[in-house]
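To begin, one chain is listed below as structure tokens, in the form predicted alone.
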Amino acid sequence: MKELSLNILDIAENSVKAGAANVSLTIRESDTRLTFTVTDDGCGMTADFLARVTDPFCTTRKTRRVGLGLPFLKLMAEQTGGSMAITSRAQTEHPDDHGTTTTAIFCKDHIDCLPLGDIVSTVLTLIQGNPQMNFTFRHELPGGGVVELSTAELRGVLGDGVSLAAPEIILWMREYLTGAYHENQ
């Protein structure tokens, strides 16, 4: 992948596939580091599966026998001098407190660090593809500014009769997020 936002999309889609109702995406950015965290309340992973999850030949997919998203993300983070960590609690073992948190740290001043890319489109793709889910997005920018969006708050304002996948709502969210980034430059 040529930008980190696509890796973030991949990790968040894993949360969707894990049956999460709530997904939180946080990006903390300084002049030298970029850290992103994706947290969900999906089914989680057993300790055994978690220990093997960064092995390319460990996957839950039935259509192919390799899963490269997490192994590549780990490699990319480590190539910049950063790291990746995953914590998870399986629903089968912890019925009241389950889910997964994936955190990746990148050293931005390293030559191998990919750009963040189009994070607005990534967030909107997640929301449009899964309008029933609760997504919370927060990007803490190097200058101290913050860009954030919560689909639960939007539903509270719009009411249950309006789909967050509606084109006019997606357009409004795009304008809102783009404007928030411009204000915080």
Partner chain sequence: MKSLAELIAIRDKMQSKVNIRENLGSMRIVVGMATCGIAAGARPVLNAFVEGIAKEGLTDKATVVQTGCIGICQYEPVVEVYEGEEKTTYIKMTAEKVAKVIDQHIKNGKIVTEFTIGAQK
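As the structure is a prediction and not an experimental result, all values here were calculated from the model. Positions refer to the first chain, counted from 1.
Keep in mind that the form predicted together with its partner chain is missing from the display, and what follows is about it.
- Are all three of D118, I169 and R174 close to its partner chain in the predicted complex, meaning a heavy atom of each within 4.5 Å? Spot residues vs its partner chain: full contact, yes.
- Where does its partner chain sit in the predicted complex: which of 152 to 160, 132 to 140, 26 to 34, 39 to 47, heavy atoms within 4.5 Å? Heavy atoms within 4.5 Å of its partner chain in the predicted complex occur in 152 to 160.
- Item | Non-hydrogen atom contact A12 with its partner chain in the predicted complex at 4.5 angstroms | Result no; A12 lies far from its partner chain in the predicted complex.
- Item | Exercise: L124 in contact with its partner chain in the predicted complex, heavy atom 4.5 Å | Because a heavy atom of L124 falls inside 4.5 Å of its partner chain in the predicted complex, the answer is yes.
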